[in-house]
Ligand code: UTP
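Take a look at this single chain, the form predicted on its own, given in structure tokens.
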Amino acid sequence: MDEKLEQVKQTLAKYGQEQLLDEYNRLTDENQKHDFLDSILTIDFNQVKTLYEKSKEKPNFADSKIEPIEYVDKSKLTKEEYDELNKIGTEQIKKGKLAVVTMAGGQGTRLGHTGPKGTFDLGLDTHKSIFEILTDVLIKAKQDFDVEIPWYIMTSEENNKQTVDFFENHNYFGYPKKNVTFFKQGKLPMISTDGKVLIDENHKIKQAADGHGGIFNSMLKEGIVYDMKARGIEWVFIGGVDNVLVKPVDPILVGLSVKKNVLAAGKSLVKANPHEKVGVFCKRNGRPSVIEYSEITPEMAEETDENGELKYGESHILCNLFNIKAVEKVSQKALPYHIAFKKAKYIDKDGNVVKPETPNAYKFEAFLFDAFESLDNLAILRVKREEEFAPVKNAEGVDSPETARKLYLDFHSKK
């Protein structure tokens, strides 16, 4: 213990993070003290220092050359085009070349739900949870393509046990347990405005999920990439848990990717209006990308092509397909981290819990779509909102259980 403590003291002194020893000195249980030192030794303080320094920089988009990106409108494919893509994609799926990854690390706090968001009851007569709704899609795919799609679910440190127990208690909703794999999302420390790592109200290092872009590193560290390669997987669909109309097993998307010979593809929705606050697909400096609404001028947002379509109108909905080669490539490099300024409860130097009324801490997240810029090209498939996008994000209003439930029921009533 003395040797470990000395190592920790040296590390903290090197990076100016000695305040963490205040918490260590307050602990009385030897096991807790041991665990606390271990948690400090897992932190990359050089990375923390670099991220803090970046927090003081203002993003500059002036040097980026932004251009529209081509897309294919699924609803406007001719019968011949549709049939061709469907045939190509169906062959890949039937050969067991597709896997599905669902990002489910979040809690349902904004919905007023205690527990993982995937366990939330959407309010259907059947009282199905979001997880069961997603499982239904894979069961239907098993019937349609005569293949069991491997399903990988990314949880978090906070909700992993609850998620696994939920599936166990519901017998995996009838889907083969051997084809469901759980793995955990990565985390990064939260830091104060003066660059100090915070302690949370549970007397541990305060950490936050590293964003959906961290999924690639997590897949590598947790052995998911290896497992996929061992199964002969070539295409990986990655989507969020909160879209109850998601179509992860889509032969058209797979067929389009194969035909265009690209390593990744994304589904898009046409923007509701030119100034809708969403990220849109584009080309940045000649490479596929997603830009935030804040990165383009009002004139660019309103610009149309010869058909009257918005040039920057393809919004990113977190429904993406990656070739396993792209997953492996991106997993071995670090995506850039984006900075969010948040309100964060913490324990001060005197051991008191502080509940700030204004943002006081930096959180760092990687975004999945930053992976696109490491690729030469990207296929974009425009889909219809009423057919493929019903997110459950807010307790009321837009993207709420009420709106998602209506979209879900309307879609299934037409089938």
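Just so you know, these numbers come straight off a predicted model, no measurement behind them. Position 1 is the first residue in the sequence shown; the rest follow in order.
There is another form of this protein, the form predicted in complex with this ligand, and it is not shown here; the text below is about that form.
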- Mind telling me which stretch in 75-83, 293-301, 109-117, 260-268 gets its heavy atoms within 4.5 Å of this ligand in the predicted bound form? 109-117
- Report yes if all three of Q185, G211 and L318 come within 4.5 Å of this ligand in the predicted bound form by some heavy atom, otherwise no. yes
- Contacting member of L245, M190, I238, A104, with respect to this ligand in the predicted bound form [4.5 Å, heavy atom]: A104
- Task: Sort through V327, M154, L253, V280 and report the residue having a heavy atom within 4.5 Å of this ligand in the predicted bound form.
- Result: M154
- Message: I'd like to know if K9 sits close to this ligand in the predicted bound form, meaning any non-hydrogen atom pair within 4.5 angstroms.
- Response: no
- Task: Give a yes/no on whether R405 approaches this ligand to within 4.5 Å in the predicted bound form, heavy atoms considered.
- Result: no
- Can you tell me which bits of 369-397 touch this ligand in the predicted bound form, meaning any heavy atom within 4.5 Å? K393
